[in-house]
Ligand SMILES: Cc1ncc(COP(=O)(O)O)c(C=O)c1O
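Form predicted on its own, single chain, as structure tokens, below.
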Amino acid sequence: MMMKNILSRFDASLNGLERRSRRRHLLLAGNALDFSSNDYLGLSRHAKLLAAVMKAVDDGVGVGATGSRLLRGHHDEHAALESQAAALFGSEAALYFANGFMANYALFTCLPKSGDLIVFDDLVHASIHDGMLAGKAKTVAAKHNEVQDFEDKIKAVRADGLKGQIWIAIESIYSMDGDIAPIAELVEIAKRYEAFLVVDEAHATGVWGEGGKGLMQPYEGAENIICMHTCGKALGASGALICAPKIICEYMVNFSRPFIYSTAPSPLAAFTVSQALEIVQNEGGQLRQRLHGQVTLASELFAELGVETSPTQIQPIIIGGAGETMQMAKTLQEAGFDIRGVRPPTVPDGSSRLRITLTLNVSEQDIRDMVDVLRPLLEARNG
């Protein structure tokens, strides 16, 4: 007896994506020039970081944690990193997770409760959306970076009688647009309504703020501020740190299921992050100056092409159609520039884009050469 095709519905879904130019494929990084990674400071291959990791392996630092943090998976390297991060970023405590997605998911499934409200920017990361979806709090989207809409949403639910805790969820720099949140204004709103402000600093950590401490640097340490610092982007390592009041971190140790029931991140990974933070402290000024110079150069060159620019290392070029976007990305890749297209549902319909990132893995001449290849593609598109 033949089994019916139990895989057909999955195949049909993939074919549907193919017809809309939305089917994803894994592409090797290869040797093309890096205009797509988040390795902004080039730390993933920094000589000092690699040497420190090699020595740590020789000294016997473990590759695997061997268990959850509560079951023998808590090592000296985890404790040292969390103390270092809290001191550096200005929070009372820190908690280390395997990646940013898990950190956000753990936070939003644990802290906001039934009867609470989360007002979130409508462009926040998928990890926040998934955490809110799995959580029990009421959620409402505020228009992207529109401060008044955040306040209006809070006022509306208070007028409707909601008595629970208010949470505000944003990113400091948005990963697909490269724009910056109105942080000071949102800090004031959070204070006015006794709300928690949760800020994903993924694309600011190491790159922006005093000493590369992120754009929340002036505000961290307040009892209503919780920040997530990704370690796999500008820090060139892996994992993520939730920096918050000590009582929040202790609460998550006791009530966050992703923290309690997950094998801990590798002690070697925690050590690597610690060394990356040391480099950012000791050499970060020079590295950030070089990167900011690249941002200025790219902004000038893109402006000459009539492309709207962002103030950060993330420079999106909106194309619109998914098929056209992916064809342009392929052309640039074939020319030796690793630039990826981003399509719905990651970005809204009609806003498929080339997401160009600037890193210290390329030179200013590489940026000029990339723009020289991009120019005729945009000119042909615009007629």
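Predicted model, so just to flag it, every value in this text is computed and none were measured. Residue indices: 1-based, along the sequence shown.
We do not show the form predicted together with the named molecule, though everything after this point is about it.
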item: Partner proximity in the model of the complex: residue 205 to the named molecule, non-hydrogen atom cutoff 4.5 Å; value: no
item: Partner proximity in the model of the complex: residue 266 to the named molecule, non-hydrogen atom cutoff 4.5 Å; value: no
item: Residue contact check: residue 244 to the named molecule in the model of the complex, 4.5 Å heavy atom; value: no
item: Residue 171, heavy atom within 4.5 angstroms of the named molecule in the model of the complex; value: yes
item: The named molecule in the model of the complex: contacting segment from 298 to 306, 224 to 232, 111 to 119, 78 to 86, heavy atom within 4.5 Å; value: 224 to 232
item: Contact assignment for the named molecule in the model of the complex, among 127, 313, 272, 256, heavy atom within 4.5 Å; value: 127
item: The named molecule: the contacting residue among 99, 165, 139, 294 in the model of the complex [heavy atom, 4.5 Å]; value: 99
item: Residues within stretch 22 to 44 having a non-hydrogen atom within 4.5 Å of the named molecule in the model of the complex; value: none
